[in-house]
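Starting off, we have a lone chain in the form predicted on its own, written out as structure tokens.
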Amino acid sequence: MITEIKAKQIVETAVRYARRKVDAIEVTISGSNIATSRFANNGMTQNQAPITEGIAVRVILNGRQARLSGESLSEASVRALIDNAIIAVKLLEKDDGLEPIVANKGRKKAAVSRFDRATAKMSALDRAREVQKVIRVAVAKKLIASGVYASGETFRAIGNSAGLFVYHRETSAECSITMTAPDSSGWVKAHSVNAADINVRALAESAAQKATLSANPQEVDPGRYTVVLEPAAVLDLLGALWYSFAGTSHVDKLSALRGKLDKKVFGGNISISDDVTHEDQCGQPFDGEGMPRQTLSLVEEGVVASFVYGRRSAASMGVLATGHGLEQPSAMGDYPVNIVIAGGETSVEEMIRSVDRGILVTRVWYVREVDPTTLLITGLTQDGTFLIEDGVVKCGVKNMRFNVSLIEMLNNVLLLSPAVRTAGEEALPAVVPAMKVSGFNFTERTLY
């Protein structure tokens, strides 16, 4: 991985070369060595260990901006990249909303530590030993296991001709497991900056239990049910909500929360923040332009409290930027990436015991937005859907399609579990609780 010292040298060399050619330049260097060990049919199938490094330059000239990226960090390649960006920027129209690059004015990024040496040093053999734990559970339960175990580190550095330079390095480990039987399946996923936080055997046992309990799934009529949503289901359902908190979505009149600042939109038990400093979060403490990320309360007891802004949307809205801008230029503009939903004190098991008749949902799949004004979404349950009767999981049920308004859903939350770091497939990892929700609308049955 490129060290902070080396990254700064590359940035300074690029800035010196471009200084007399453009009005301003911003340089972003990033890289990854995330290695992935895949398994299927109760055996290892592949180990990939790519090392990637890349650079992007954004040049500003006469009120225009252009961004180009490349993979080589040699001085000659960086110079060529800058020259090509200068050619490109001269062909573009002036950008009336262009903000000057971020100046170095003593800006202090949040102090976060997200590098674990043991995780960074994990080898293919180390990952294979973790996978072996999964396969042993699968064989003992007469199930078929598939999935991935990945580990490694990433880095990002941003510097510019105004003297700004920031650097962040972190590790990550991820384990995704699917257990399958002839007519059922179970799934779990975990992600952390520290591999020691991932209990692979416990994950495998959980996936196996879901696959076993959901065997011979029964059909359930569509309709509105009380549901218990495990954290992964909550995460992937709510992924469609987050952009409504982005300043650019308000500038473009796309947000479902337009005109709702300081108004009660969600249930009183819903509080949401964007907190890059949270101990269970990941990611760099600065945005795509190098601005420090601020911790913000987005929803306080159901009331919309704030939105996140990059510098461009902040200027358009007449507010201060919050350090949530994406790499510029960007159509999306900004985005909250460190979501934390405040949890409660009720366990998933206690939620189940409180349900007379309802559905337990492990995971949702293929979630898509239907109506952006109400945040109506549709999707399917997957890999562990169960009927609850009289407080007990009675049997597995065939997967069902749902149509749900996220605003309505977050007004119907009856119980919350403690919030935990959660990984899914449709949204970025976040810190979210399980939820017991009333009136969840299932519209169709499936054949599986």
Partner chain sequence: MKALAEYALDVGRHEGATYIDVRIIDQQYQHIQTKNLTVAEFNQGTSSGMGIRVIASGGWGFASTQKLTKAAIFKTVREAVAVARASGTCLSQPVKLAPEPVYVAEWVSPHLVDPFSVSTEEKLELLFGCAKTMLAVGGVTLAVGSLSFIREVKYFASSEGSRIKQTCIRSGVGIEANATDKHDRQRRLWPNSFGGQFELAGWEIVQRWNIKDHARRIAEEAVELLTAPNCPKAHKDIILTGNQLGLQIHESCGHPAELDRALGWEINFAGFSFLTPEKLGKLQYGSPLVNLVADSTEPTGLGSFGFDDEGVAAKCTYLVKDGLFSGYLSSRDTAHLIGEKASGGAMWAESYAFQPIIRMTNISLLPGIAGSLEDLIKDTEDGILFDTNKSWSIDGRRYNFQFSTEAAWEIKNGKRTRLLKNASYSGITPEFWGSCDAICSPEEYINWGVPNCGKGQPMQTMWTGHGAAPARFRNVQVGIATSD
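Because the structure is a prediction, the values reported are computed rather than measured. Residue numbers count along the first chain shown, from 1.
One more form of this protein, predicted in complex with its partner chain, exists but is not displayed; see below.
Contact check for residue 115: no non-hydrogen atom falls within 4.5 Å of its partner chain in the model of the complex. At a distance threshold of 4.5 angstroms between non-hydrogen atoms, residue 177 is in contact with its partner chain in the model of the complex. Taking the partner from the other structure, its partner chain in the model of the complex has a heavy atom within 4.5 Å of a heavy atom of residue 132. Residue contact check for residue 70: one or more of its heavy atoms lie within 4.5 Å of its partner chain in the model of the complex. Annotated contacts: 43, 50 and 382 all touch its partner chain in the model of the complex [non-hydrogen atom within 4.5 angstroms]. Stretch 248-256 is the contacting one of 281-289, 248-256, 302-310, 315-323, since its residues have non-hydrogen atoms within 4.5 Å of its partner chain in the model of the complex. Of the candidates 350, 197, 75, 371, 371 is the one whose heavy atoms come within 4.5 Å of its partner chain in the model of the complex; the others do not. In summary, among the residues 147, 343, 358, 239, the only one with a non-hydrogen atom within 4.5 Å of its partner chain in the model of the complex is 147. Along 402-433, these residues reach a heavy atom to within 4.5 Å of its partner chain in the model of the complex: 403, 425.
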